[in-house]
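Only one chain is shown below, in structure tokens, and it's the form predicted alone.
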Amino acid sequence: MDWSFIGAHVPDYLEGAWVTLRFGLYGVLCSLAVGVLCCLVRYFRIPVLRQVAAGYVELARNTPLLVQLFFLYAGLPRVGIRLSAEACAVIGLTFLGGGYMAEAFRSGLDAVDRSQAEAGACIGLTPAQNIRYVIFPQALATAVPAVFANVIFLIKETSVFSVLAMMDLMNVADTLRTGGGRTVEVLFMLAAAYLLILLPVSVAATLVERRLRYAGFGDSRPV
């Protein structure tokens, strides 16, 4: 292990980590918004939109991100739509992640006993208030593990951004490997970089889940 090589290229990995984190965060936040929207559309059984959301979820979850990126970056220009590599990265990650987040939130909502919604309606809450104050907090406590698992999954999926010539962690590692031939050192730094990014997410998931359950949102059984 050549530690001098590792020390010399730490700045390169920091730049790549910033790209991975930045666009991964954009994709995760947009995925959460899309996931919640699709979940609510299906939960309230809105005609037509419910079928569209279900079709989108199946398409998103059953096609690889790499294929989606190629479609955005190489396919759309064929019909006159050109997007930057950064825009393709965020849109692709959002498209993929939205489907997974929708299923995570749906599983949480399904876990909430129907009597909770009935109790909210009995005390005069509107459907929107019922969702906001009664159902969604309980559903979120159940969905937290799946949501954070999806966050970790999506950040790891940013490794395919290298096909868009973005200088993310994977592209930095591949450039150093082909240029210097230090495969062991390059892969060691790549694994360490992803670990440093994702370990705090895992810790945060545990803390958030415990906090929600301690606050009493994890038990939706009728009293």
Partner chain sequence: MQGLGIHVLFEGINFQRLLGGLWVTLRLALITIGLSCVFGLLFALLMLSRKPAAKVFCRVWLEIVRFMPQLVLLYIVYFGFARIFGWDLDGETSAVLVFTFWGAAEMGDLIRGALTSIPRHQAESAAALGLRKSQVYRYVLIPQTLRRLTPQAINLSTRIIKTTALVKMINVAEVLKVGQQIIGQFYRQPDAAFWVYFVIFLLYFLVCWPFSVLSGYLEKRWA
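The model shown is predicted, which means the values in this text are computed figures rather than measured ones. Positions refer to the first chain, counted from 1.
Another form exists, predicted in complex with its partner chain; not displayed. Remarks below refer to it.
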| item | value |
| --- | --- |
| Its partner chain contact at Gly75 in the predicted complex, heavy atom, 4.5 Å | yes |
| Its partner chain contact in the predicted complex: Thr63, any heavy atom under 4.5 Å | yes |
| Touches its partner chain in the predicted complex: Val10 (any heavy atom, 4.5 Å) | no |
| 4.5 angstroms heavy atom contact with its partner chain in the predicted complex for Tyr26 | no |
| Contact at Leu59, Tyr100 and Leu199 by its partner chain in the predicted complex, all three, heavy atom at most 4.5 Å | yes |
| Candidate from Leu176, Val34, Leu190, Leu40 lying within 4.5 Å of its partner chain in the predicted complex - any heavy atom | Leu190 |
| Contact residue in the predicted complex, from Met167, Ile46, Val52, Val67 (heavy atom within 4.5 Å of its partner chain) | Val67 |
